[in-house]
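Single chain ahead, by itself, as structure tokens, in the form predicted on its own.
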């Protein structure tokens, strides 16, 4: 449904309905923002409504059920509208309650006038209850944290086993905060100080980040395409933890293979900072197109190959100084940026992905020359996809050994490497997406 005017709540509702139909939140919101003219303040509100509604969906659904309306029995569009309204009423203190009710009812009328009465009744019931959330008792820690922190119970249970109650609660809280927008400076164009000056000249507030040497955090008030520094190849959007994975590839490597490369951030990062021949592989047509577009924008040469990482169509003699496996994973370390993932993943997905990761890792290992480096990385916090994958690989591949990456990481990032020489980042500890990376060396 196209917005008839620049109404940020309607824009957000349209994006949320697309997410309900299977779209990713960032893509759905970007499309709506491109199609509707909103000023800076309204863009910010629409963005907050989309990401906040999805993040707090579990809590909103629990409250809906407590009011006698299980969400699965509601029309999909009305359910999405109620989630957005409940998020505003429960979590956005600066939005007056009457405004939440009035705007939700008006939006309901656009969809189905008969739904307006239901939306009005449920919101007023919430307000009459004093916004009672009906949280599970604290002694039922899994259910209590799952509802109060709005994450699926199976995931809360796993994090409780791995991190304990206090850290799990902190992680859930961090996941429900907006992720910062982080850019990577192209060192072939300028250093970080010069890039900050260029952004300031465009009128953007930006600052250096703590861990990655070329990373900048920016207060972006418009689409990336309107940023001159992006159009000219000076900066590229890439999370700080992701940049640290790219830094684990030694600068001395002269040939580098990235086997799961789309959309190309790490492959291009490596090509920007090193005098290396980089080959980027991805199985999806859209993925290789994205890599080519990014390489052209920043002005670096990257070899691009469309292929399955498990069956690389390369000569048997094609070996590389370094191979990067940025493995397909559950993505559960990126819930600040992709809150919809928490509601789409299932426990059985983890086992399936772990098996795929093992296959890709074994295939990639055959492309590492003696003395070369193999980097394995994920953006998840689950051991099955991380240290357990490495343990299984090393048990099967005794000619590889763990290699400490601290010699190539920025000094500030070396504290993120644990006693097993694994890079680990956490939203609640470091303000970064949850990443895991291991560097291995072929004997």
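Positions refer to the first chain, counted from 1. The structure displayed is predicted, hence computed values, not measured ones.
One more form of this protein exists, namely the form predicted together with a small molecule; it is left out here, but the text below deals with it.
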item: Stretch from 254-262, 315-323, 102-110, 338-346 whose residues place a heavy atom within 4.5 Å of the small molecule in the model of the complex; value: 254-262
item: Residues 284, 327 and 356 all lining the small molecule in the model of the complex, heavy atom within 4.5 Å; value: yes
item: Selected contact from 298, 279, 309, 182, since only one has a non-hydrogen atom within 4.5 angstroms of the small molecule in the model of the complex; value: 309
item: Option touching the small molecule, based on a heavy atom within 4.5 Å in the model of the complex, out of 196, 360, 119, 147; value: 360
item: Residue 266 within 4.5 Å of the small molecule in the model of the complex, heavy atoms; value: yes
